[in-house]
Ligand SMILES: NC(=O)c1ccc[n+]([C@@H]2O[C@H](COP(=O)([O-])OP(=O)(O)OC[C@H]3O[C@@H](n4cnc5c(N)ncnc54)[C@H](O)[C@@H]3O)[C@@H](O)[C@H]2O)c1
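The chain below stands alone and is given in structure tokens; this is the form predicted alone.
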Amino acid sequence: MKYNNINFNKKTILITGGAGFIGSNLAFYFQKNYPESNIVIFDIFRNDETFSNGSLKSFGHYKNLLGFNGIVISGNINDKIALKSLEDNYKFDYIFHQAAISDTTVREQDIMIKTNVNAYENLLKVAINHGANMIYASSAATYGDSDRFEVGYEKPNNAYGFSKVMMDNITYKYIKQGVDISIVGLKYFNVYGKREFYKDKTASMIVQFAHQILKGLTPKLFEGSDKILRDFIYIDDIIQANILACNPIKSGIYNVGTGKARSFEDIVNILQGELGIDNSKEYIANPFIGQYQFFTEANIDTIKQNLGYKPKYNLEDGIKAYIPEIKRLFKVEIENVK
């Protein structure tokens, strides 16, 4: 499905974090719908290095790109020489900046700021020099402890959310300066869908719960999960928002969600219904009190108005669309590697 009337054929598109969840889905969107587009993926593919919390330093995985036939470059977004090489060797029309440290529990604040904030401004300068429209990943984590999910009411409660607020502040600075490109930041809410599996423990609870159920296990929920509400958004709607952001009525920062909060209890109920398996539920204490959002619900009025965005998937529709891939992953990545 094409989401706007821009012809991306013959255009050169940079996707940072292109071996990750959202970046790889963008790559295949362009490859499928605009086979003559020139897609350049820049990603620091995973190795065994971890942060102090045990999480991998990179989630980029070659399996997310199986079938991709564009250009793949392995590199670190913090490497100014690598960015200069990109700037000198290509002429980009669009830049989709998805690369980031996205684990909200990472404690290394210095690396978080360098990667998410400073590298973004360096890449933004490349976009300006090339006249390339910039679309980048912000996050609902910017809202943190806020009780109002509208741009301007951010209240981050971890270093990741703070870093995304700083990215948004850089965006406002350049928009105010009157740059000749459009700059759009998209505050993703809880994204789920194909190609997220290789995010390991930071993959959505939808795929994690599903695989617990398929293993015959009882899914474990935090106590009070019927009252822990999030705005869960299917990957296809995230791609829709990114494509619409290529030609916005107005540069700026926009929420990307469904506008409808749902509970983790709902997820398990829907999954067990779709899978035809009822393993009951087990409730455990929540160890993340103080750094955990108990409610998120995107106000999407502005993105509807300025980007023409309209979510196509509610939670039931998104999970139903995801089930075949969940089953395939379980068979290939879990059953076959026992």
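Note that the structure is predicted; figures quoted are calculated from it, not measured. Numbering starts at 1 and runs along the sequence shown.
This next part talks about the form predicted in complex with this ligand, which is not shown.
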Quiz item: Among the candidate residues 326, 319, 14, 22, which is the single one with a non-hydrogen atom no more than 4.5 Å from this ligand in the model of the complex?
Solution: 22
Practice problem: Note which of 240, 133, 98, 258 lies within 4.5 Å of this ligand in the model of the complex, where distance is taken over heavy atoms; exactly one does. | Solution: 98
Self-check item: Joint contact, 76, 190 and 199 to this ligand in the model of the complex, by non-hydrogen atom at 4.5 Å
Solution: yes
Quiz item: Does residue 158 make contact with this ligand in the model of the complex, using a 4.5 Å heavy atom cut-off?
Solution: no
Exercise. With heavy atoms only and a cut-off of 4.5 Å, decide whether residue 171 touches this ligand in the model of the complex.
Key: no
Exercise. Report yes if any heavy atom of residue 58 sits within 4.5 Å of a heavy atom of this ligand in the model of the complex; otherwise report no.
Key: yes
Exercise. State yes or no: in the model of the complex, is some non-hydrogen atom of residue 137 no more than 4.5 angstroms from a non-hydrogen atom of this ligand?
Key: yes
Quiz item: Can you say which of 298-306, 28-36, 281-289, 42-50 gets within 4.5 Å of this ligand in the model of the complex, counting heavy atoms only?
Solution: 42-50
